[in-house]
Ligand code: G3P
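Take a look at this one chain, the form predicted alone, written out in structure tokens.
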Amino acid sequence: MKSYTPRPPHDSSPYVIAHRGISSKAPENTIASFSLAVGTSGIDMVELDVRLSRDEEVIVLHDRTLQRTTTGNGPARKYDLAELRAFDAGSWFEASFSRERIPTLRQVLGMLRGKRWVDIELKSDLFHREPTGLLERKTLEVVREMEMLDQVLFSSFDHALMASLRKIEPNALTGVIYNMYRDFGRLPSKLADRVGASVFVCSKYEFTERMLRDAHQHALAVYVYTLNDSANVKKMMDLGVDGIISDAADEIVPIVKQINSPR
């Protein structure tokens, strides 16, 4: 597999990025969801979220707390990995997924290595901030161990995490995720330049053509989330975004290919 580059070739379609795997058809951030993404031709990248367990294992989980997507309760950081593995991470979505468990980053990268690029979103929360450098270092350790630095984009709403990560690993490719309440009025180039990022990520509700122009003028890629219908996908493709993040990436692939197929 070729090394990851933030922007596809000029004459190519945008990257199709599976948001927490194929999370419209399987519980998000689980092996089942990622397996569907690996099994779907045309998906370029898999997006996932990482946090730390109490024993500082890098786990794949979106929320700070467990109750929305598992049978656990309270902050994930209060549990060791062995304890977290005891929780059902799939029944909330559908009973047939009751065997799903919270995976580790190592597990997920093992199944994605050489098959898909990976967007690892580092989670940071108002109610719990990790010591400076801890989550970044632990995440990088796993990526390096798996020899996947050239397959990975690191991203976060917490832009300081991206600055810290690049100090640890200058060759890491990073992205800044736009937060309207904190970043309003700031152009992508300013946000990215402060932390050495290569990708600007924003919601379809926050996206503007001015953002896109500014990003491309400064050689930044623009990825937009969460695009789950053909109308939004076609609109963003017409405008020239570089990445389409979708819960239903398997359904987005044929739309993208149809638009870009020879007439």
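Note that the structure is a prediction, hence the values are computed from the model and not measured. Throughout, we count residues from 1 along the sequence that is shown.
The protein also exists as the form predicted in complex with this ligand; that form is not presented, and the subsequent description refers to it.
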Legend entry - The single option of E100, D158, E136, E121 touching this ligand in the predicted bound form, heavy atom within 4.5 Å: E121
Inset, instruction - Would you kindly say which of V152, I177, L165, L105 lies with a heavy atom within 4.5 Å of this ligand in the predicted bound form? - result: I177
Legend entry - All of V201, Y225 and I245 with a heavy atom within 4.5 Å of this ligand in the predicted bound form: yes
Inset, instruction - Choose from 190 to 198, 42 to 50, 207 to 215, 227 to 235 the stretch whose residues reach within 4.5 Å of this ligand in the predicted bound form, heavy atoms counted. - result: 42 to 50
Legend entry - 4.5 Å heavy atom contact, H62 and this ligand in the predicted bound form: yes
